[in-house]
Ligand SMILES: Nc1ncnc2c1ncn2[C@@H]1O[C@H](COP(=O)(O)OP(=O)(O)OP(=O)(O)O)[C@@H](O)[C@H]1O
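Coming up is one lone chain in structure tokens, specifically the form predicted on its own.
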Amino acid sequence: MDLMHHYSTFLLPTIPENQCPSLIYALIVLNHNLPRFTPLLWNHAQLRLCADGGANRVYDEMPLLFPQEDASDVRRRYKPDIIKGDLDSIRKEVLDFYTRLGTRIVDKTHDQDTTDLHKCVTCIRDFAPDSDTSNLCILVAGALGGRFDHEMGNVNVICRFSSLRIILLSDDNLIHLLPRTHRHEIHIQTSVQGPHCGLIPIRMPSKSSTTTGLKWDLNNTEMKFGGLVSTSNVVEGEKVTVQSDCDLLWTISLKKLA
């Protein structure tokens, strides 16, 4: 079983050159509060998409993160490459503003069977050269908090695209999938992450999950809803390893630094 490495160096101002593997980042902004570190994600990403009303968030909230700068200058600097969705949430003045700046608008009004996040993930996947997504990492800002059904829809997307690295982010925490097809090594950025974390079985119960690097490690432990689920755990160092017979959701808290 192959080993899969997980890094969160995108939360740092500069990504270390020795990060392995070297990841290519894409950013999707959803229609919820922008995390305070959204400019960092934006600068690390090579492709930036807004899912429908996510464009309103970039237009309205990005200038608030730069209170000393002119709002128009900030909006022009943080221009999405693509706005995609059914376009039922984006305001007309926002749509017109980004259209004038050259943002590509993709109207998927006819598709009501998938979420706007799903539509944006397929767009990014299709941009990958020769369909090689092994080094692609999709960051999703504003994916957690707000309506619970939206959160569950976002979790469903990362399960539907389990072969892709997709990380759901809010101001307070991040979530990503640990597919059962791999062993996992999670590298903790202790300056910006932790200590609280969790491992949650998804799709089906886990008959056997084993970890190292946690305060309460699992040892061939069974986990299921209605039974044991590893929430309110704590990371104890800079590396956590996980192996399970079931897909797991990994979540870790993010620190609010002054």
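Residues carry their position along the shown sequence, with the first being 1. Predicted model only: the values in this text are computed from it and were never measured.
Another form exists, predicted together with the named molecule; not displayed. Remarks below refer to it.
Peer 1: Select from the listed residues Thr122, Asn173, Ser89, Asn156 the one whose heavy atoms reach within 4.5 Å of the named molecule in the predicted complex.
Peer 2: It is Ser89.
Peer 1: Please tell me whether the candidate spot formed by Gly53, Ala143 and Arg147 is one where all three residues come within 4.5 Å of the named molecule in the predicted complex (heavy atoms).
Peer 2: The answer is yes: all three residues contact the partner (heavy atom, 4.5 Å cut-off).
Peer 1: Does the named molecule come within 4.5 Å of any heavy atom of Asp81 in the predicted complex?
Peer 2: Result no; Asp81 lies far from the named molecule in the predicted complex.
Peer 1: Would you please decide whether His44 lies within 4.5 angstroms of the named molecule in the predicted complex, comparing each non-hydrogen atom pair?
Peer 2: No.
Peer 1: Indicate whether Thr211 is a 4.5 Å heavy atom neighbour of the named molecule in the predicted complex.
Peer 2: No, no contact at 4.5 Å.
Peer 1: I'd like to know if Glu185 sits close to the named molecule in the predicted complex, meaning any non-hydrogen atom pair within 4.5 angstroms.
Peer 2: Output for Glu185 is no: heavy atoms all beyond 4.5 Å of the named molecule.
Peer 1: Going by heavy atoms within 4.5 Å, which of 212-220, 228-236, 27-35, 189-197 lines up against the named molecule in the predicted complex?
Peer 2: Heavy-atom contact with the partner occurs in 27-35.
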